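Here we start with a single chain on its own, the form predicted on its own, put down as structure tokens.
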């Protein structure tokens, strides 16, 4: 069974490149969803222990929003889109502006805001996963997405407790998006994708990439 210490540089580079490709595809899908131009910084991808996730990110008491999905099929994995509350609110605002053609009417209920955030997260994670499946020639089915808002440490503790039973490694991809047209009007949004592949899926990925 694979563990972090068993990966060589070629395998780690291949996995990081998969994260970069998936994030690029997600940014393209997000641009179409929001009907605006999106530029993406070069993503930073790393393979880490699922039990070290809480150490990998910033302030454990920071409030975050997370969208979760589960991929079933040949490439089984769990996926999470994680943002701080400010960036999540901005992303929702951009989606609602795109859907209403301007400012949304009146005060919106929390469940509508959560629904919008879930839609954004689902598009991003589905597009990320689609890119991987196209790359390695596999198929998948994706679960109904869920959303949670809590302190970062609480979210990641739940991730480790639940998803750590399926596999103990996570591919974390961090990037910053610049959303908008003219440079002076661009808004910067940070997004984090966490992919927790099943052990068999990780081995499949490495075989398909011809590095195992």
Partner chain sequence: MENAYHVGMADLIVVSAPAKLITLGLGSCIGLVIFDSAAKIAGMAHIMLPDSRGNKTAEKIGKFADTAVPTVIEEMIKKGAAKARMKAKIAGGAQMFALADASTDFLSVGSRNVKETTAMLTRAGVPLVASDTGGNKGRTVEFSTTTWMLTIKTLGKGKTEI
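In this text the structure is predicted, and so the values were computed from the model without any measurement. Positions refer to the first chain, counted from 1.
Below, we refer to the form predicted together with its partner chain, which is not included among the displayed structures.
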Within 4.5 Å of its partner chain in the predicted bound form - does that hold for a heavy atom of every one of 30, 33 and 124? no
Residue-level contact is defined here as any heavy atom of the residue lying within 4.5 Å of its partner chain in the predicted bound form; does residue 41 satisfy this criterion? no
Hey, in the predicted bound form, is residue 154 touching its partner chain, heavy atoms inside 4.5 Å? yes
Does its partner chain come within 4.5 Å of any heavy atom of residue 56 in the predicted bound form? no
Close approach of residue 66 to its partner chain in the predicted bound form, 4.5 Å, heavy atom: yes
What are the residues of 111 to 149, in order along the chain, with a heavy atom within 4.5 Å of its partner chain in the predicted bound form? 143, 144, 145, 146, 147, 148, 149
